[in-house]
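We begin with a single chain expressed as structure tokens, specifically the form predicted on its own.
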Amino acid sequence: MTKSFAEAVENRRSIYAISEESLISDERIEELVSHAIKHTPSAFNSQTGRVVVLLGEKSKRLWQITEDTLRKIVPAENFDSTAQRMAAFGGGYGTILFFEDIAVIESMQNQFEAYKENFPVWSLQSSGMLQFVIWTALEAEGFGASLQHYNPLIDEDVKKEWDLPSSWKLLAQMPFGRPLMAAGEKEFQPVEDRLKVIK
């Protein structure tokens, strides 16, 4: 990681125009994702996050599955823009799929009855952190990425295609690749309206 943590956080943006060129080795990508999975926190150290990394043709296959699914529900006269989005996402180098293991969540609920209602919420919080860590790590290596949510429409087809456990619940998809253009300008609300420091 050549950038400071603060720089990586600041520069992490949604990048939709990406190419299928990789900037680092597949082994380095696996290393980044493995590190994030291992060290991203979770409530009660429950470690509910599950990740699938699809590279090359496997990533393209995901977006073909998604396009085929959407074609069944999006009116034909409106489908051109959808097809263009799918082609853009599939045009990247890879896609990271984020899941939560419902079996682990249910096990934690059974072990800690007093916190039963909290575990699904804590699971989502942990997944959000994992998504952010991986996204920021990819950005620090020079990749562009975005976060997509075509679940639950594609869940069963994805599990079937890659023989994934039925207890894994798909939460997000992150296509990534070499950025073809910079992110647009971003507007920020005043931080002083969003922060209170009490001494």
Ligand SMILES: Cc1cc2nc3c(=O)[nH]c(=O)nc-3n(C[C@H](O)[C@H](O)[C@H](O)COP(=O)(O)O)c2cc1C
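One-based numbering along the sequence shown. Only a predicted model underlies this, so the values are computations on that prediction, with no experimental measurement involved.
This next part talks about the form predicted together with this ligand, which is not shown.
For the chain shown alone, residue 14 is a contact residue for this ligand in the predicted bound form, at least one non-hydrogen atom being within 4.5 angstroms. At a distance threshold of 4.5 angstroms between non-hydrogen atoms, residue 147 is in contact with this ligand in the predicted bound form. Shown alone here, residue 135 lies within 4.5 Å of this ligand in the predicted bound form, counting heavy atoms only. Contact annotation: residue 116 falls outside 4.5 Å of this ligand in the predicted bound form, judged by heavy atom distances. The stretch in contact with this ligand in the predicted bound form, judged by heavy atoms within 4.5 Å, is 147 to 155, chosen from 41 to 49, 147 to 155, 22 to 30, 55 to 63. Contacts of stretch 162 to 199 with this ligand in the predicted bound form, defined by any heavy atom lying within 4.5 Å, are made by 186 alone.
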